[in-house]
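Just the one chain here, the form predicted on its own, laid out as structure tokens.
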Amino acid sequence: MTVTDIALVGIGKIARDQHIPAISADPAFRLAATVSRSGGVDGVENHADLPALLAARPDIPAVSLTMPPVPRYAAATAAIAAGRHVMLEKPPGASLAEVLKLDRQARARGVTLFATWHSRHAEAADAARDWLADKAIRSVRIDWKEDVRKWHPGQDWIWQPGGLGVFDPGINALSLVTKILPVQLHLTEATLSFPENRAAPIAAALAFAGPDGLSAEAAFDWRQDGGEVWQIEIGTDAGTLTLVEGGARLMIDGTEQTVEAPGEYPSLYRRFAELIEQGESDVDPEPLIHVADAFMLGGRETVAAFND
């Protein structure tokens, strides 16, 4: 097996919790370098910024970008121009135009671009997609609620333009539902709740339409108390499918189904290795399209100030 040296750019919570363990466990990759101003990884060379890495290590063919979405476009552009394969943490960019442009740049340069949606690699995602494939969809209900203080402590970037606010976790639900449904939805209505002291929403209520009169609803909220709710319920002509715990568990008419999968981030890196080997890219903007539509169509309401 070919082992690909990879650099991890942005050593924050998601990198330490998910990316570093996944890379360490994957025989297709070796963590050869990091980029971080706040400290790298013990035993791995660190660079202060991406240009320094690209100049010093032309032998590293792949980079994984885990910084917030706003600076990610410039970093991805530089890496692609330098001939490196690029993996993007979700959301893949701060705008649709950025993501589509990066896709064109990567194809022109002949490198792999992988715009990841980690929830699509949840343990029960494939089983849910397969069960729904031949069913008539009657209803869709998404509830994605968590405590922002727990999951994003002190992360001011998520409240700024381009940070997406509650859509940062909500896009996980959208990425999952767009994978498993055998039909396509489009957004018809949205209400976005903005704290009076923030530039991004803390909650959102969304309505979607699909074929044959299908309607779908989603509720995202960052003010959740008493534990996370990451659930998708889909009614069909053959029963009700429910994904809970962000897609880790699958129920059919209330009966839990046995699912087996390596986990989200190990699966992401397995996919990245496949794409590099095949000389292909994987860039699906559909979840981000739903978010963009929510900001375009959404009515705005002001709610109480939020301070973490």
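In this text, residue numbers run from 1 along the sequence as written. Keep in mind the model is a prediction, meaning the values are calculated, not measured.
Another form, the form predicted in complex with a further copy of the same chain, is not on view; read the next lines as being about it.
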4.5 Å heavy atom contact with a further copy of the same chain in the predicted bound form for all of I14, M67 and P153 | no
Just one of A108, A238, A133, L100 has a heavy atom within 4.5 Å of a further copy of the same chain in the predicted bound form. Which one?
-> L100
Which one, Y73, W230, W117, W159, lies within 4.5 Å of a further copy of the same chain in the predicted bound form by heavy atoms?
-> Y73
Exactly one listed stretch (144-152, 207-215, 174-182, 125-133) reaches within 4.5 angstroms of a further copy of the same chain in the predicted bound form by non-hydrogen atoms, and it is 207-215
May I ask you to state whether V291 is within 4.5 Å of a further copy of the same chain in the predicted bound form, using heavy atom distances?
-> yes
Please run the contact check for Q224 against a further copy of the same chain in the predicted bound form: heavy atoms, 4.5 angstroms, yes or no?
-> no
Is I20 one of the residues lying within 4.5 Å of a further copy of the same chain in the predicted bound form, judged by heavy atom distances?
-> no
Given that the partner is absent here, does L96 sit within 4.5 Å of a further copy of the same chain in the predicted bound form, heavy atoms only?
-> yes
